[in-house]
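There is one chain below, alone, in structure tokens, taken in the form predicted on its own.
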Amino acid sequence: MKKEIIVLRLGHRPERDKRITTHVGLTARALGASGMLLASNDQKIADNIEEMTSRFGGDFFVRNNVSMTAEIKKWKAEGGKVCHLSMYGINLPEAVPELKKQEKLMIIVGAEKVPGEIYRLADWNVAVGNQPHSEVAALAITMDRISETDPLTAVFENAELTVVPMTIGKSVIHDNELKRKK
């Protein structure tokens, strides 16, 4: 059974947070999450991430305008565990062994002030360092630390575009070029 990880993005101020929320979704996708739940209403963010998924491959989903507490309670009722990333939690290295064991994990990433209820609903409140920094960085480090394989070398199925690693320069292969080469 494949490990299922989803990211719940709490709060999103459309004029201030659109790039960060997009980066949370793209980071989650690139590092192995199955999808992102957006606990605010910004369909454009969901559309942008889904468009990137269709171009670069994979099966990542985005659900817009969800109820954060309802989603957490539903996830837990289905046997999932919840990890809230916060600078006030236990340090990530202490949590990694337990997080790695989970087959169904929701990672909560905040934006604006996180309601106290979230701290109580989470199975773990986890700090990626105890200093203020980017939620994108916290998510990336967490995803990397709990992955069973190297998420940086993952291959995404059904990609229209594939980036070819190079020391100098850049190369992107388009799906139709791949088909001609076969």
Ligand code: SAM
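Remember, it's a predicted structure, so these values are computed and weren't measured experimentally. Each residue number is its position in the shown sequence, starting from 1.
Keep in mind the form predicted in complex with the ligand is missing from the figure; the text below concerns it.
Of the candidate stretches 65-73, 153-161, 28-36, 129-137, only 129-137 has residues whose heavy atoms lie within 4.5 Å of the ligand in the predicted bound form. In terms of contact with the ligand in the predicted bound form, the residue from Val114, Ala46, Leu121, Met52 that brings a heavy atom within 4.5 Å is Val114. Residue contact check for Met87: one or more of its heavy atoms lie within 4.5 Å of the ligand in the predicted bound form. The ligand is not drawn, but in the predicted bound form it has a heavy atom within 4.5 Å of Val109. Scanning 22-58 for heavy atoms within 4.5 Å of the ligand in the predicted bound form gives no residues at all.
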